[in-house]
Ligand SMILES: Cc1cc2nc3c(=O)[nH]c(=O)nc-3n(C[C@H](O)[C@H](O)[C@H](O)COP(=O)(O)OP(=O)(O)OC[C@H]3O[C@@H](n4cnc5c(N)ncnc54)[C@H](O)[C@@H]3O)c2cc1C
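Given next, in structure tokens, is a single chain: the form predicted alone.
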């Protein structure tokens, strides 16, 4: 009897475990653009275009290779509105007696799929996702017995496991594991940032763009200037482009923010890695080869590899080890709603406007914009974690729950009480001034704190420090902040707190 092999929209590779030992003459691949998955959050229009187009290209490819494929294209009137309904109909029509799939990336869908064997009355084999360097069990074994989980130590284990940038004697190349201290330069326009990699939409992608404009018109973002890769070949070209033109300067300027440049020296490869068009280990190996060949400095290559081999693997392990309870964490007791300008960009704060506007146009912003601008503001303002987490999940082309939730809830919002990160990434406007040129173009003045035209980040930072003293005063990494706060004159502290109170009351008007 044939098997139904379900391929999800973030599993677009023939190396996916669901296809291992499959019989292309007998088994049937099932793929579907369904309403439930496309609308459970306000997905960016470009994210929907990317995934639907990449899915359609993948389906065409495997069908041309001799596979039987059932593909359901999106239409709001489709009778089958969920993946389960699509699979159920295919079971009835084919007489297949088993469903095979690879584990998904979201607890929401995982809970549903885990019940399919009962609801569909056939065996459902859910295989491990072998695209990750560490399995869920491997991460859990590493974490067992540790009082604190820190990415740096897990990252070193992944370096040892893969041999990436390791000497024959088992030591890290360059004599140290982490070159992050070398990666904090402000970008002033030189060297010039390379143009981003672009793929002009083909006919299939243009059809998807029209579909999204018709049926997802109320979703966040725009489809204008869509230029993402939607095939493995073009994703490989994007990787080559990054290594040739951006990687050499990526390390120095990876934390920099520009008022004029959306992309700077960032790879913009995470959308392709996370949906299956690129293999994460192969991407790391390509970057390491560039260092060995003298084409990129070690601080750039190590920093890039750490994002994938370290952070990406680490947050995935955190997610699956702690769900579903992790999603409900709110240790700082935040109660404020997400300001509406996160959806519109309509704010006088230049850094926030630019980050949100780039997000709206590109379905992308780099990690410092996400962490230290939009994330930092949400942290200082005390936004409810579930609201800011849903925003990040919706607006970025590379966002899936397994990677978005720990990064936002844990790293950005510190809502897990320090489980993922040892201190909150809270900062005043001085940090943004140091790493960007936004402040010189801003309505607010970064060198002021209590006046009506003062940078809101400044007073909100001290307000955050003061109201969470019980949470952080005993944290060794926060001691200097509290000493600085306590050294300020009482009238200065009172003015900062009063300004912070006023800002929090009037967040929507900033």
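Residue numbers count along the first chain shown, from 1. It should be emphasised that the depicted structure is a prediction, and the values quoted were computed from it without experimental measurement.
Form predicted in complex with the named molecule: not shown, discussed below.
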Contacting member of 199, 308, 211, 338, with respect to the named molecule in the predicted bound form [4.5 Å, heavy atom]:
308
The named molecule: the contacting residue among 381, 158, 365, 300 in the predicted bound form [heavy atom, 4.5 Å]
365
Residue-level question: is residue 415 within 4.5 Å of the named molecule in the predicted bound form, judged on heavy atoms?
no
Please run the contact check for residue 266 against the named molecule in the predicted bound form: heavy atoms, 4.5 angstroms, yes or no?
yes
Would residue 404 count as touching the named molecule in the predicted bound form under a 4.5 Å heavy atom rule?
yes
Touches the named molecule in the predicted bound form: residue 304 (any heavy atom, 4.5 Å):
yes
Partner-proximal stretch of 120-128, 212-220, 370-378, 231-239 relative to the named molecule in the predicted bound form, 4.5 angstroms, heavy atom:
370-378
Can you tell me which residues in 392-419 come within 4.5 angstroms of the named molecule in the predicted bound form, by heavy atoms?
392, 398, 399, 400, 403, 404, 407, 408, 411, 412
